[in-house]
Structure formats: structure tokens, C-alpha cells
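In C-alpha cells, one chain follows: the form predicted on its own.
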């Protein structure tokens, strides 16, 4: 089965992002495919390279990045939601006149069309968070 995953909550707001991460690991371990993981609303914060949780907490952003690298996952951050929250990749930062970016490796910025395509291409779309 092929899945598209949508995540609407940040890494430390609710359990949603962590549950989505565990769900993706389980799906892949069972031999299924993940077409795309789309981060929307506060979920875009899962792609921030500037989060520093307490030492006894997990860095979910790094875990998403590693999962992407290990499984060639397409991690897409909604550009409009990212801009509202000050999250930019190198290209977007340059376009907006900033000299640095703050996205962790493995994520990319794109638009809602990527979510629509994911819904078309996948057998199931699973949404985590409000």
C-alpha cells in the first residue's frame, strides 16, 4: 500500500508529530511505501534546524531527517505556512533577501499542489494533528 502523510502539529506541541514518525517507521517496516510526507500549519516546525530541546528530550527534526535519508522519503514543507513561521531553505532565504536558512537536511519547501498530488498518487492519506 502507498501512503501520503500530512502533519499539522509541531514537534513539541502535541504527540501528533511523534506519532506520525512512529507510524511512518511501522509502515516502512511492513514493506509499504510512503509517497510523500507533507508538513502544514505548525507542522512545518518539524523541519527547523534551530530547535534545541532539553537534553532528556528527543530531537524529532533530526529523526525525520534520518528517516528521510535512510528511506529516500520526500519531506515537503508548505511554503506559505513556513514563511509565516520564519522557516526557509537556502533558495527561499536568498529570494527573500536573507543571508541564511534554517531548514534541516532532508526537507524541501513547496506548495499545496504537492499535497494534492500525494492524495492522488497514494492509496491512503493519513493526517496527524488538527
Partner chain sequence: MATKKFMFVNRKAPYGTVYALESLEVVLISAAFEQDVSLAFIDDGVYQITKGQDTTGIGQKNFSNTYKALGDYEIKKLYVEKESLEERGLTQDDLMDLVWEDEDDDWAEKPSIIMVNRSEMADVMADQEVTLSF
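What you see is a predicted model, and the numbers here were worked out from it, not measured in a lab. Positions refer to the first chain, counted from 1.
Not on display, but discussed next: the form predicted together with its partner chain.
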Report task. Please check if residue 88 has a heavy atom lying within 4.5 Å of any heavy atom of its partner chain in the predicted bound form. Result -> no
Query raised in the report: in the predicted bound form, does residue 122 have a heavy atom within 4.5 Å of its partner chain?
Result: yes
Query raised in the report: Does its partner chain get within 4.5 angstroms of any non-hydrogen atom of residue 80 in the predicted bound form?
Result: yes
Requested in this report: Indicate whether its partner chain has at least one heavy atom within 4.5 Å of a heavy atom of residue 62 in the predicted bound form.
Outcome: no
Query raised in the report: Can you pick the one in 94, 58, 32, 41 that has a heavy atom within 4.5 Å of its partner chain in the predicted bound form?
Result: 41
Report summary line: TL;DR on 80-88, 66-74, 46-54, 99-107: the one with heavy atoms within 4.5 Å of its partner chain in the predicted bound form is 80-88
Query - Residues within stretch 96-120 having a non-hydrogen atom within 4.5 Å of its partner chain in the predicted bound form - result: 112, 113, 115, 116, 117, 119, 120
